[in-house]
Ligand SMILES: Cc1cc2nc3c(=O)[nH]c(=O)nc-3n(C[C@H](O)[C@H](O)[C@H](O)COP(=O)(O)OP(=O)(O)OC[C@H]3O[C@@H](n4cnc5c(N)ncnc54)[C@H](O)[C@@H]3O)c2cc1C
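As structure tokens, one chain now follows by itself in the form predicted alone.
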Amino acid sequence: MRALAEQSIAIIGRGLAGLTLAFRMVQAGLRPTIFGKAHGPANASRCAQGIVCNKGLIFAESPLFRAKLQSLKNLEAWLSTVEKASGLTIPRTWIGVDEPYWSEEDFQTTVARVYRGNFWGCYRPKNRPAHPWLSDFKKPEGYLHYPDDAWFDVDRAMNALEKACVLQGAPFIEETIADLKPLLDRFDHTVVAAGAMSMDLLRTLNLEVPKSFQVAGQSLVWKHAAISETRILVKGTLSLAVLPDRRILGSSSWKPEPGRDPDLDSDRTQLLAQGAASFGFTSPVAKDIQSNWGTRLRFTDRMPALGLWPEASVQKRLSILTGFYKNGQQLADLCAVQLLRELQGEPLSEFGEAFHISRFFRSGRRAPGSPPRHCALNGSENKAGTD
């Protein structure tokens, strides 16, 4: 088989995962072709708030949380690399994230949820009185401060990724792909990074991933009088970015009903009510709110999936990078690097092994640290673990 650099590569998906993989490929001297619409309901990445909040959680037995902590350490350097390659600025802030509480009872509930009943469950949080607090918000009793967490502008990051790829000659095709068969015939290798649409695409080849489902979500954006304050807030599953020029609230989640449009107005009303109660702001006028929504793919174990597809019918011709759910904004680069390593015949890290698509297939499952059960695309045979 020809080396990866000599092969034609298609990436289906123009969200954060697909763009990040394309960027890593062009950095490695490859020229993938990226398919997908830049905007639209299917592109959930364009709806992402950009709040990266681990709350300092530490679960030593969980590869997902270890990966999130590791990716958070690398996030600033990655954004700087994308800025340098594209010449575009990606707004971001590393001031930490605050979780307000409104009473002693609320404090106890918040701590119990964050620590999950384990005294070792959180790293470096600080409990602070709510002074100073946001000038136009109701003042809480206090807040937990997570100093390592951050926010970045996902939409601007995606624009920068696209420009960096274009500057290196990677073409973008403004087309929605509905069938994988023509691309597998046209390209040497195809990567499915289409988020919520990934499973529909795989079914066109009679392929299926068990234990997956779609989740829809909405984020709300509204402008307000310019202020100098910037704060990133969370409360349970809600989050709010208070920026100098706008506020971004999200995210609500529901399972979309096939063939039915979501009731965005009802969800928006509920989301605003929850946000006002959780953060103490006054709800904006409905006409001033911009609604962004999209559908995401989630696996039951909450982990993303990456890697060469393990079934012989498409082996070496098809790989996957999807199922990030709400974690794409911090895990996309880590997972893209792992997929590229496998395609180049290099060993995977513990995260690449843990997130590999083969975990869903009993015959393809492998022990952590052992080589993948299939061959790399650079022509070198992986003779270990091929039984």
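This one's a predicted model, so the numbers in the text were calculated from it and none came from an experiment. All residue numbers refer to positions in the sequence shown, first residue = 1.
One more form of this protein should be noted, the form predicted in complex with this ligand, which is absent from this view; the next part is about it.
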| item | value |
| --- | --- |
| Heavy atom within 4.5 Å of this ligand in the predicted complex - residue from G142, G294, G307, G275 | G294 |
| In the predicted complex, segment of 194-202, 309-317, 275-283, 229-237 with a heavy atom within 4.5 Å of this ligand | 194-202 |
| Non-hydrogen atom contact F324 with this ligand in the predicted complex at 4.5 angstroms | yes |
| Partner proximity in the predicted complex: I12 to this ligand, non-hydrogen atom cutoff 4.5 Å | yes |
| is_contact(T110, this ligand) in the predicted complex, heavy atom dist at most 4.5 Å | no |
| Exercise: P100 in contact with this ligand in the predicted complex, heavy atom 4.5 Å | no |
| Neighbours of this ligand in the predicted complex among 160-177 [non-hydrogen atom within 4.5 angstroms] | E175, T176, I177 |
